[in-house]
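Have a look below at one chain only, the form predicted on its own, in structure tokens format.
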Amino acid sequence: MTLYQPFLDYAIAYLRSRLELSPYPIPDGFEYKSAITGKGKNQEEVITTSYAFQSPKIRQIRAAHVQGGQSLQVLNFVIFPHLNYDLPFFGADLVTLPGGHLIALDMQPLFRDDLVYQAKYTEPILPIFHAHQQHLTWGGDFPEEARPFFSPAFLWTRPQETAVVETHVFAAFKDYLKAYLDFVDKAESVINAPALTAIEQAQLRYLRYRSEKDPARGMFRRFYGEEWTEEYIHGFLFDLERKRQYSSPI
């Protein structure tokens, strides 16, 4: 079993226990993709599998799981609410590379500087953040341009030991996911037209940033080529803009 498979298995089972899940369409060619990298004894098969669901309040729950041997393990797990809810995004980037582990967990806010929004969605999870920060120290600088898209409860860490990922990171992942689904339980549909517009613009702003700056782009291009990579990013991982082109406004 790979390092992040237990995270994925837990998340799907827990989501099923809390939400009314149905499949979210995955475009052809994205559920499973493999490539051979390296030469001779260093040859490895890199497999990328994709999973996607939806529920009455959630537009897309999706996971990309990359397995490329001990030195390449990635799980990108994101939850995007429907556009008539002001819920933040749930984001988990769990990355293992030859140089170590890179872990990012957050409930990424639609409105970073709105104090009422912060009181609703950030302050309740700060105790969870501080509890896990004792074991998962701050991972250091990250791009200035990314800061508006993360909350004060952004758990960003670079553990050296795999055992820390298997224990403390997994515990944080579970707590953040539970807290997020507690928010989903309480979320009420927004009907105010200006608020709906603001939510849509905030979601699009985030997705455009993520799709343009996706740190996995170089890795995917190397393994699967540019055409597959760009279609995977825009047609599945961050597909809202394309979906909006083919649907009427709320």
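Start at 1 with the first residue shown and count on from there. Keep in mind the model is a prediction, meaning the values are calculated, not measured.
The protein also exists as the form predicted in complex with a small molecule; that form is not presented, and the subsequent description refers to it.
Query raised in the report: Pick from 170-178, 115-123, 80-88, 135-143: which stretch has non-hydrogen atoms within 4.5 Å of the small molecule in the predicted complex?
Result: The contacting stretch here is 135-143.
Query raised in the report: Taking 4.5 angstroms as the cut-off for heavy atoms, does Y209 touch the small molecule in the predicted complex?
Result: Yes, Y209 sits close enough to the small molecule in the predicted complex that at least one of its heavy atoms falls within 4.5 Å.
Query raised in the report: Contact between Q108 and the small molecule in the predicted complex at 4.5 Å, heavy atoms?
Result: So Q108 counts as contacting the small molecule.
Query - Contact test in the predicted complex: V165 vs the small molecule, heavy atoms, 4.5 Å - result: No, V165 stays farther than 4.5 Å from the small molecule in the predicted complex.
Query raised in the report: Does the 4.5 Å heavy atom contact test between I199 and the small molecule in the predicted complex come out positive?
Result: No, I199 stays farther than 4.5 Å from the small molecule in the predicted complex.
Query raised in the report: If you check V46, V184, M219, I61 against the small molecule in the predicted complex, which one has a heavy atom within 4.5 Å?
Result: Filtering the options by heavy-atom distance leaves M219.
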